[in-house]
Ligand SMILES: Cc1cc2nc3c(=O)[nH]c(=O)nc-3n(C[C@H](O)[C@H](O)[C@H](O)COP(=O)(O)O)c2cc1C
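For reference, the chain that follows is the form predicted on its own, supplied as structure tokens.
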Amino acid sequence: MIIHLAPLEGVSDCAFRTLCYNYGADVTYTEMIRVDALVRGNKSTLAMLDLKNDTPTIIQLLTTKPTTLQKFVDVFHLYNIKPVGFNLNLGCPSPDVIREGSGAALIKRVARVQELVKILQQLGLPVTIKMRLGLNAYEKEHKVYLNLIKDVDADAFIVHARHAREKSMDPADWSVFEDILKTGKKIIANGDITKIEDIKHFQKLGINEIMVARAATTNPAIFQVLKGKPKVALPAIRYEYEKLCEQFPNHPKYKENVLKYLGKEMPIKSG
């Protein structure tokens, strides 16, 4: 089973991604990055492109305008970084993002999403989509997400099994994966995956890649636990993380957030 570390707002910097990779995460993601802010040269946004080592990292982007995304593609070589792929955010439930027509609001805009995917594919790396089950219960019930998965030529679809109006305490609806798999596309499951039994459930369905989000903030060593390896003591995890923060320094908010969530079940936004 290949296990991805989700993009986590205010958490997923180089130090945290490396920590999770050291404990068994196969692939990691930056936090959600706004493309319009990147092309404007916003310093705090550019700082999110903190690929400072060889940890396999996918850049997650939030965008809705093809012209803006093309500008990003045209200047990407100037960033001098080497991600292993790009991910389009079609899952962010933030009201501000929704009002812009981005995040989960894009799920029903199949033609636009296909256009965005094609633009990113110019960079020659895999392009995936992270999505929810629609903007609301109505879109979920009418399975608008299936249209997107069927008609967009992304390399994989990471399906967070909630719609955008649902909160983290609402249970993820794993029953949707049976229909989703019938599309024949590569599917990565996301939502409430916290134990080995969950891994076995998805393996039986024929899903061989999953994504872990909030559970990784509580225990960054959950990846090796999900792979059947021994648990790691919290003090050891904390010590290693603090060393990584020294090696890959960043804005203090990242370290504060990680240490605040460590060992606790805390709500954290996953894009």
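One-based numbering along the sequence shown. The structure displayed is predicted, hence computed values, not measured ones.
From this point on, the text means the form predicted in complex with this ligand, which you will not see here.
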With the partner absent here, would 9, 190 and 213 each sit within 4.5 Å of this ligand in the predicted bound form, counting heavy atoms only?
-> yes
Is there any non-hydrogen atom of residue 261 lying within 4.5 Å of this ligand in the predicted bound form?
-> yes
Give a yes or no for residue 162: in the predicted bound form, does one of its heavy atoms lie within 4.5 Å of a heavy atom belonging to this ligand?
-> yes
Closest heavy atom of residue 69 to this ligand in the predicted bound form, within 4.5 Å or not?
-> no
Considering only heavy atoms, tell me if residue 50 and this ligand come within 4.5 Å of each other in the predicted bound form.
-> no
Which of 25-33, 199-207, 222-230, 241-249 sits within 4.5 Å of this ligand in the predicted bound form, heavy atom basis | 25-33
